[in-house]
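First come two forms of one protein chain, each written alone as structure tokens, so that there is a structure 1 and a structure 2.
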Structure 1
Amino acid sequence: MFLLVDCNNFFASVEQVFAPKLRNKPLVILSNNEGCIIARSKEAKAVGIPMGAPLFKYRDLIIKHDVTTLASNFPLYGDMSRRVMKILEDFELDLEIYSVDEAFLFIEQELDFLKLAAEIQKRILQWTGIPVSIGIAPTKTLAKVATTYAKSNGSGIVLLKDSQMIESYLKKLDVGEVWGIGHRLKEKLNSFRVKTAYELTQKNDSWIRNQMSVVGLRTVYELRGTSCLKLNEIASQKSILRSRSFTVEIGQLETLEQKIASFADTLGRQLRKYGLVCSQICTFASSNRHHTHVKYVSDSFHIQLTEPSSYTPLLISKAKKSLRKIFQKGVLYKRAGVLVYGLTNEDSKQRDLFSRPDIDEFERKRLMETYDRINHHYGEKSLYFAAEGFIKKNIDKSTSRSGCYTTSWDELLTISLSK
């Protein structure tokens, strides 16, 4: 059986752990530039604020219901996630960390699943303050279904086992709610009068294969109770991405180059932090997809490195070279980013047969180590590349950001006691 442990309203719950006055209140977490709502407390969901909604469309609702808005604090969420996962590891079961707020457990033997789930739930709440829902079923996709219902059944735990019970749940479930079916496939399925998950399971395999490819067929098998998706315990990351949407659209190559250089720098530091090197790099840029009066432009260009690397000057130069391949004069760019992939461990990297052993390599490594150490000691971007342009310090924003209570000595939580 698969157990899916899913943190409730994760980012909002984390904020509420450290700010008791926000508990049981409507609260939303905002993306960069305060553009989008990326997380909501239960109460914020209740007043009708959807996930991923642009903030400007919901200003009135937010004021009306006195909803608190917070800037996102990913270092804090990341650390709290690590703590939750650590607790799950303590149970010594097969574990797959699926996302920042979800993990699958796989249990081969027969045991009291409800009792175990209750113990997991209790321990995570007690040790971290984060409430979780748990779905238990014979396949991952059905465990997802179970979790959907667990979120609203009071106990936060649902065990989906016998076929009649599964059938009754699938009959209630909108096909678009199924894990692996997004809005495109939902529309398509609806056009064939497939509305519920159950109706989808009744379609024949070749039709599903044609309409939804093998991915969709696997999903349907899983819904029927045949497990196709295994537990992926050692999922090594395949790529690292750094991207941003810009508050002000960018039309100048030089400005865009500076942004790209800064992304490449961040990626270099990230690679070195994990002892990794990348063998490919890709730069992409796109215009505003919400504009209706101008054509949407989105391009990318990949470059293969002759030898895997994490050397920032190289990454910057390749990223800029890649940018120049796609940059179009006259286009206003809204979003851009750099992706590195083909990741391997630095000490096991494949060398280029025809390149000379590089005498400068040792010096480059020392340079990067020193660079990283200075930034670690004196703070992010104390030292940076001229290619990034002049970096202005953040001017204070209207939304407040909580402190990094668990990861920074300078931002420990302070508690005021009144008499």
Structure 2
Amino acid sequence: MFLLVDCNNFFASVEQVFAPKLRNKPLVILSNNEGCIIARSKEAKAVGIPMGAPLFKYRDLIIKHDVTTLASNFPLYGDMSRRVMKILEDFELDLEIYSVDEAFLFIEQELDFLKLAAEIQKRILQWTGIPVSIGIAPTKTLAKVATTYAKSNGSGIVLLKDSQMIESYLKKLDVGEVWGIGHRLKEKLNSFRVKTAYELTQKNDSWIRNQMSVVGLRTVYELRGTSCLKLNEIASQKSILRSRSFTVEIGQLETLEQKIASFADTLGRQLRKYGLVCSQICTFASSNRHHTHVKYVSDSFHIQLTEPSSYTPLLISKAKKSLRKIFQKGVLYKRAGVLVYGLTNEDSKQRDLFSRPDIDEFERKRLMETYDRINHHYGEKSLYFAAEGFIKKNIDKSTSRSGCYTTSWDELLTISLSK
């Protein structure tokens, strides 16, 4: 059985741990430039504030419902995430850290799953203050389904074990909510009158393979109860994106190149983390679509790599080359990003038939392993590439960001005892 532990409204929950006055009140967390909503408490969701929304569009609603807004505090979130994952490690089960607020546990032997889940839930809440929902099922995809319903069932735990219970939950689940099915695929399935996850499982295998590919068929097998995904195996990773809206619009090519290089660096580390390589890379940039007096500009350029790679210097070089193809003088860019796709496993990548083997490939791999190890040990961007420009660390001018309560001696919380 797979057990998925999902921290509820993680960023907002972390803030509420250190500011109890924010508990049970609407709270939203903003992006680095404080222009976009990236996390919400359940109370903020209840008043109708959507995920990913521009802050200015919901300013009136925020004022009306007295919603607290805080800038994101990723050092604090990262440290609290490590504490949660350390607690899970103490249970001595096979563990896969899926994201900053989610982790899978794999249980081979038959035991009291509900009792184990309750103990995990209780210990995480007691030791960190973070509430979690837990889904238990025979496959990773079904564990995701179980966790979706666990968030609203009161106890925060759902066990999907027998076929009748699995069927009842799948009949209630919109097909677009299935792990690995995005917006476009949902629309395609809806056009074939497939509205729920259960209806998808009733389609025959050949139809699913034709409409959703082999990856989609594997997802359906998982929904039917046949485990196809092991721990540390990605469900349907086809691409990885890194992008950002800028606080100050950028008109200089050199400055924009530094941003793009930083995105490519992050993507390289993510690829290596999952043992993947990419065969194509795309850089895109756009101006501010909300400026009515200036023409909106948006463009992208794709580059095919000779051989799939996760070597960061190569990714940076190609991303910058792609940027130069679309950059326009005189345009002020508000947003930019890098997308890598055509992902394959590093051990099974297809080499170029006409290129000679790279004698430096082993050294490059060792270099990246050392680079990743240093940044993991000393913190992100402790070591970075010159192409990224000078990165100022630990300088934060935000007036709405909480303190680094667990990572800085100068910002430890103090308690005043009244007489």
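Remember, it's a predicted structure, so these values are computed and weren't measured experimentally. Note that the rigid core is defined as the largest set of C-alphas that superpose within 1.5 Å between two forms. Numbering for residues begins at 1 and runs along the sequence of structure 1.
Of the two copies shown, the second one, structure 2, is the form predicted on its own. Fitting the two forms on the rigid core leaves the C-alpha of residue 154 displaced by under 2 angstroms between the two structures. Once both forms are fitted on their core, a CA shift of 2 Å or more is seen for residue 274 between the two structures. Positional change of residue 368 between the two structures reaches 2 Å or more at the C-alpha, relative to the superposed core. Its Cα shifted by 9.3 Å, residue 265 is compared between the two structures on a rigid core fit.
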